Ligand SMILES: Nc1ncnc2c1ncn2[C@@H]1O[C@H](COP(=O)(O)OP(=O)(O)OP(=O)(O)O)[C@@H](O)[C@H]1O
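The chain below stands alone and is given as structure tokens, in the form predicted alone.
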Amino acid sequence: MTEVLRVERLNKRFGGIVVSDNVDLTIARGEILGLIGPNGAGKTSLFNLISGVLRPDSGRIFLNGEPIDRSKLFRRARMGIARTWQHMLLFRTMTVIDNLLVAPRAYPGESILRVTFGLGAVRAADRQARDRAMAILTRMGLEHTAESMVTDLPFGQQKLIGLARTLMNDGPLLLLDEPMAGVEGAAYETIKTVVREEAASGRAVCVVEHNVSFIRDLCSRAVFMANGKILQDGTVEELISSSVLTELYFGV
């Protein structure tokens, strides 16, 4: 399979706290990789390093073979790294559809020159972004919420909106940070379906999740982290049956 993301010997520390310790990782096109481990293992920190929220102390990050470890966060987003957040970080004073419209990978309206001399192209891009946003909401069964304020929606629907906003970036890499936390019922099944579909479309997907059933259902491969290190990489069943995982993750 074609490699989308490669991380080589990635290191990051805050004083005496090591959040990434010589981490090596690859994710291929169409793969759903599970990233599991106890709280404080460094999973979200790894996402922050990949997406550009944090700068590594050393090591390399490659997206489709191109080094990005010195690229700014917004450039990585434009290159196609999209992610969700543990706490969603929705714009709470905006409507659902406006939350989605901030997230396309490229938008000509951000350029003063294009707004001044290419207003027609900006308007066309606005229409395309709105059509894409409505298509994503319809896919999730949320088209009726488009003009609602996000704070008026129940928690499960807000989680779906966070994922929907991420899908506005149509790039090659999707990072999902605990997408199932606090989710159940129809929203749970919708997220599973969407993640499968995104991988089937060719995206590389990495999921941080404590719900082992979710990882087992979706991921053919998983990585176990603790104390900033990757301790084991294998099939989901291999990790679940591992004595190392059982001791460090489940505490027995």
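Position 1 is the first residue in the sequence shown; the rest follow in order. All figures in this text were calculated on a predicted structure; none of them were measured in a lab.
Below, we turn to the form predicted in complex with this ligand, even though it does not appear here.
This chain appears without its partner; in the predicted complex, the one residue of K192, H210, R221, R29 with a heavy atom within 4.5 Å of this ligand is H210.
Taking a 4.5 Å heavy atom cutoff to this ligand in the predicted complex, the contact residue among A41, L63, L33, V183 is A41. For the marked spot (F74, E198 and A204), a heavy atom within 4.5 Å of this ligand in the predicted complex is absent from each of the three residues. Among residues of the shown chain, V19 is one whose heavy atoms approach this ligand to within 4.5 Å in the predicted complex.
Using a 4.5 angstroms threshold between heavy atoms, Q86 counts as touching this ligand in the predicted complex. This ligand in the predicted complex is approached by E178, whose closest heavy atom lies within 4.5 angstroms of it. The candidate stretches are 41-49, 184-192, 64-72, 213-221, and the one lying within 4.5 Å of this ligand in the predicted complex by heavy atoms is 41-49.
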